[in-house]
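Encoded as structure tokens, the following chain is the form predicted alone, with no partner shown.
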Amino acid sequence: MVLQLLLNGIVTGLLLALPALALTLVFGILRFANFAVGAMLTLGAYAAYTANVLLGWPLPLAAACAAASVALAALLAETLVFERLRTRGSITLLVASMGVSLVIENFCRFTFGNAARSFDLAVARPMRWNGLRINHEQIITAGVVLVALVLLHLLITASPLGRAMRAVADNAALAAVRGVERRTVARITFALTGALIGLAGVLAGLDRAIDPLMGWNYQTPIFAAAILGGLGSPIGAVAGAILIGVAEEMSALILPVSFRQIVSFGVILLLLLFRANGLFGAKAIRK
């Protein structure tokens, strides 16, 4: 029982890692928390549903379509909304992101209705290993997220774009003096994080039914993971996501399953009271 919950928690944490990483990347570079991350995750699930079920595309191609669609939506949000409000401060940007979230959510509701939907996939029996029940969706989630994390790590640490992103995150004014344009970096960052969130939406659609409010079920754990790891720290976001995933699954030992989001609320509350920088936040700020 405990090992099964631990396995489920690690996979849940990996699913949370991509949107938590997207949230922390935007915060690290632009210094505001993008509240629209949950709605964008929902948009990714519906984009994949459209390609997979309505157009008959295979799921890998549908997932690529979802990543591209949410990347485009994030780029539009940055260009039409956030970029124009950049000088108004982080609170204004946070409120604007709430508006973007409502627009995306209602677009999904208007286009697809409120009925729950799912991908067109063949039913497969779960595998058994040493008493553990492992389903195919968990294997796909773990594999896709690990590959995405490796590629993103290489992009951030070993590419000119990654150096530009880190330069803007450290000191945007100094980066501008050295020829790094913040606006271009911000647009690329939004497109990149949109692709990550879109991919997470597909994985979430494998785990549960797709409906207009599905992103809200992930919103609190995503924020809890990013805050726990330390906003602005990519490594912290991944570590925080896995810890939150495991903690939520383990809470089933003492709490009804429907109450497990209390764990995320509790983590956010404790961190704000006792360690606002999270586990890796202080290190990220010094860097």
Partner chain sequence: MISYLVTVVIFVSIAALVGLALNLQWGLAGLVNFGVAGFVALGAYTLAITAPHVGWFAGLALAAAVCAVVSMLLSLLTIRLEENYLAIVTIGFAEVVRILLLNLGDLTGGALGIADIPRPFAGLTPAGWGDGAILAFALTLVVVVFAFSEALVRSPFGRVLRAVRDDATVAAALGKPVLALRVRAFAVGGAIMGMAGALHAFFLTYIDPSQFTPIITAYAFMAVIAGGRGSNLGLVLGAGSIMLILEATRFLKDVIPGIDGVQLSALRLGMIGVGIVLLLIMRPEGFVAEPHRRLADFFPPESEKA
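These numbers come from a predicted model, not from an experiment. Residue numbers count along the first chain shown, from 1.
There is another form of the same protein, the form predicted together with the partner chain; it is not shown, and what comes next is about it.
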Contact stretch among 37 to 45, 243 to 251, 53 to 61, 227 to 235 - heavy atom within 4.5 Å of the partner chain in the predicted bound form: 227 to 235
Candidate from 88, 136, 153, 117 lying within 4.5 Å of the partner chain in the predicted bound form - any heavy atom: 88
Sole residue of 96, 75, 164, 148 within 4.5 Å of the partner chain in the predicted bound form, by heavy atom: 96
Exercise: residue 159 in contact with the partner chain in the predicted bound form, heavy atom 4.5 Å: no
Exercise: residue 262 in contact with the partner chain in the predicted bound form, heavy atom 4.5 Å: yes
Residue 102, heavy atom within 4.5 angstroms of the partner chain in the predicted bound form: yes
Touches the partner chain in the predicted bound form: residue 10 (any heavy atom, 4.5 Å): no
